[in-house]
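In structure tokens, one chain follows: the form predicted on its own.
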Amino acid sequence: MILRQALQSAAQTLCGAGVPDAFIEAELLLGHVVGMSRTQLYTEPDRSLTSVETEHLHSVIQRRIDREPAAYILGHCEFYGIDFCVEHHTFIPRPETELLVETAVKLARRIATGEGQIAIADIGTGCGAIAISLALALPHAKVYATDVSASALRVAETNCRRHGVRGQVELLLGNLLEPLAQTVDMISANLPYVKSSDLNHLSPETRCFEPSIALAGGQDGLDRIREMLEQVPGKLNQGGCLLLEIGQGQAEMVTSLIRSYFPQAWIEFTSDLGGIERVVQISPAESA
């Protein structure tokens, strides 16, 4: 079998199984199997697959038909223009979360000292995508990245080494803000916000393969956000702020929740390209 045939066959098989974006996924999986870029697949269409490659391709196509996410099959994904290792222990970074990073970077550049120094805590870091993206964009920032999962932090450590930020990002094992021993200027968090009633309606890729601890937000979807807000006093420097990612339709509930902890807080929402209020910025009146 040559590459052209393999690509067509893989795309048809994935499409027939109802896999979204079947042709794009076929390109990714075939490129992964033969160790070639997308461009190379088209510049060398008559290149023959070895028997080992053919068997491997059948295996990964079957995994995708079984709805295992391509990122787990490939072992990596792109986020904020950066390639990150991912494993089944970690939530796959989503494009919408790039808005959280963009907002954090803009805000950090405003509130940092003249030398660009700022302390940031990324809560529930997973594979480290947010923390590392912030570190690369803000070379003078110190980033503390916490997670309750030791397995996730091992993946984050791999990504820190890969992108050369081990001295800038400090990984901390523990629940939310609890392992943070010092105050910071900014807290960023993409915590679970899916309602219990919505979990069964998620795609099979998400529902069956991604860690539930990174998804389940309780009855109203705000359990983990609520828990973190309880821990904020004593963790933020004066004038510090929080940035949270939230789900569709949660802005009103989140505002009420924030007011219950910080009645005088300044709150601002930033919408994503779909018009969903996705990121909330919180400046508590008294943060230390």
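In case it trips you up, residue 1 is the first one in the sequence shown, and so on. The structure displayed is predicted, hence computed values, not measured ones.
From this point on, the text means the form predicted together with S-adenosylmethionine (SAM), which you will not see here.
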### Task
Sort through 68-76, 119-127, 105-113, 162-170 and report the only stretch with a non-hydrogen atom within 4.5 Å of S-adenosylmethionine (SAM) in the model of the complex.
119-127
### Task
Decide whether Thr97 counts as a contact residue for S-adenosylmethionine (SAM) in the model of the complex under a heavy atom distance cut-off of 4.5 Å.
yes
### Message
Within 4.5 Å, heavy atoms only: does Arg224 come near S-adenosylmethionine (SAM) in the model of the complex?
### Response
yes
### Query
Do Val148 and S-adenosylmethionine (SAM) share at least one heavy atom pair within 4.5 Å in the model of the complex?
yes
### Task
Verify the contact flag for Tyr80: yes if a non-hydrogen atom of it lies within 4.5 Å of a non-hydrogen atom of S-adenosylmethionine (SAM) in the model of the complex, no if not.
no
### Query
If you check Cys85, Ile213, Leu180, Ala137 against S-adenosylmethionine (SAM) in the model of the complex, which one has a heavy atom within 4.5 Å?
Ile213
### Query
Among Ala141, Met186, Ala156, Leu176, which has at least one heavy atom within 4.5 Å of S-adenosylmethionine (SAM) in the model of the complex?
Leu176
### Partner contacts for 84-108, taking S-adenosylmethionine (SAM) in the model of the complex and a 4.5 Å heavy atom cut-off
Phe91, Pro93, Thr97
